[in-house]
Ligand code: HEM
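Here you get one chain, nothing else, as structure tokens; it is the form predicted on its own.
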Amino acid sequence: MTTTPPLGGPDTIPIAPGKIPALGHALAFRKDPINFLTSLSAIGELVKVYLGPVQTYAVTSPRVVYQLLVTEAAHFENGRIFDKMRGFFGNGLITSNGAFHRRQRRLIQPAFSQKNITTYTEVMRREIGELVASWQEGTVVDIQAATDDLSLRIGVATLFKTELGTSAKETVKECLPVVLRGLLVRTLLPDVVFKLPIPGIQRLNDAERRLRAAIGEIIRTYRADGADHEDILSALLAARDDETGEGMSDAEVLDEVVSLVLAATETNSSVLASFFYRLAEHPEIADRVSAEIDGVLGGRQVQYEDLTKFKHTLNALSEVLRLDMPVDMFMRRATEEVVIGETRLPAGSEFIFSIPALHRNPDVYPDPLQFDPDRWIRRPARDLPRGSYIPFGTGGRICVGNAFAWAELTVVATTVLAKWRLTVAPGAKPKRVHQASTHFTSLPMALEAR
């Protein structure tokens, strides 16, 4: 790689304040990752911080994040947190790097073609329809728990559409919530901890083992059956590399299924809960969205062809993805010497950045903490500076299932609001926590039939 002389050396990088950096930074980060990383933008575009014993460089500006993810992406790989995740995820899209990652993306992308998303939309509509039909006027529902369960059911039903491996699918549903709750623990604690006879650690280890074993059983059942069941697993098993003609091994498919089901379940449920909460906080926006849904659907069920017709709904979802992006932090590691911003840094340097912090940049978003779906009418995402709005990432590692996510969010949002008005239950004080993703501990909401 050819580099240009930096304007300043590493010693010129501002140090974030803290009397005991290794402790102070880690504690501030753990308490509120978004606010901690957002606060660093006042210091500079690249700030040296310490998360425990690990020195990293916090990237605070859209232009430098874009450099990491797009223009200089070839010189970076996933960072330390992703290394820790590999023990469970294996070498799936979330954790893999380089040529293998690019090959896997080529093989997986057809599973999320428009034709397949159309089929998955029918599954989404069925699952949310059953949930909505089970609700009763005047009752209170924990919407966070409901969307957690719904996203899990949608994820499993679109991955494994048939009744093949039914018992194994039930194991997936049982173990996945345990694994999701333990994901942050897995990334933060030393590996040696997971060999100790600690009850909570043993439960996590057992859930991870059983989850992978169950998915492996389903894969073997599908291989033996040989049919196309019009689901994600069938598409993965049928995929062939255009360059070599080879498909994925069972072990490779297993890693990818684990990555897909974990990523889709946790993030979509968090976004949906935030969507219903934000609309409850802004009833005038909720009324406009509901009126739009009535106008498009006229009492019928939503279809795939409808998904782009909900302008106000999509703007509200876009605003939720800006303000309440569920994943706080991402990392990258330089594979060779790089110049980032105006600073030359050696191979092995670790970088941390927060997409939610980028989404609250006051230079890009006037009144950045205000929930304002109309901002996307005044200034569409395509007109923003590069790197300023990237809810699904950007560049070669953009979320492979972003079209799936948009379909699920839109189908669920429109189906719920076509029938129900949701308000925060009296006396409830919803609180968000930062774990594998940012979500509510609970979100009690009262149901009123429309």
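Residue indices: 1-based, along the sequence shown. The shown structure was predicted, so the numbers you read here are calculated from the model rather than taken from an experiment.
The following text describes the form predicted together with this ligand, which does not appear among the structures shown.
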query: Complete contact of P62, L323 and F371 with this ligand in the predicted bound form (any heavy atom, 4.5 Å); finding: no
query: Contact test in the predicted bound form: L93 vs this ligand, heavy atoms, 4.5 Å; finding: yes
query: Contact of P385 with this ligand in the predicted bound form (heavy atom, 4.5 Å); finding: no
query: Partner contact for R397 in the predicted bound form: this ligand, 4.5 angstroms, heavy atom; finding: yes
query: Contact flag, F392 vs this ligand in the predicted bound form, heavy atom cut 4.5 Å; finding: yes
query: Residue among V289, I143, V271, I218 with a heavy atom within 4.5 Å of this ligand in the predicted bound form; finding: V271
query: The unique member of F310, Y277, Y304, F330 whose heavy atoms fall within 4.5 Å of this ligand in the predicted bound form; finding: F330
query: Location of this ligand contact in the predicted bound form, chosen stretch of 260-268, 338-346, 174-182, 278-286 [non-hydrogen atom, 4.5 Å]; finding: 260-268
query: Members of 198-217 lying within 4.5 angstroms of this ligand, judged by heavy atom, in the predicted bound form; finding: none
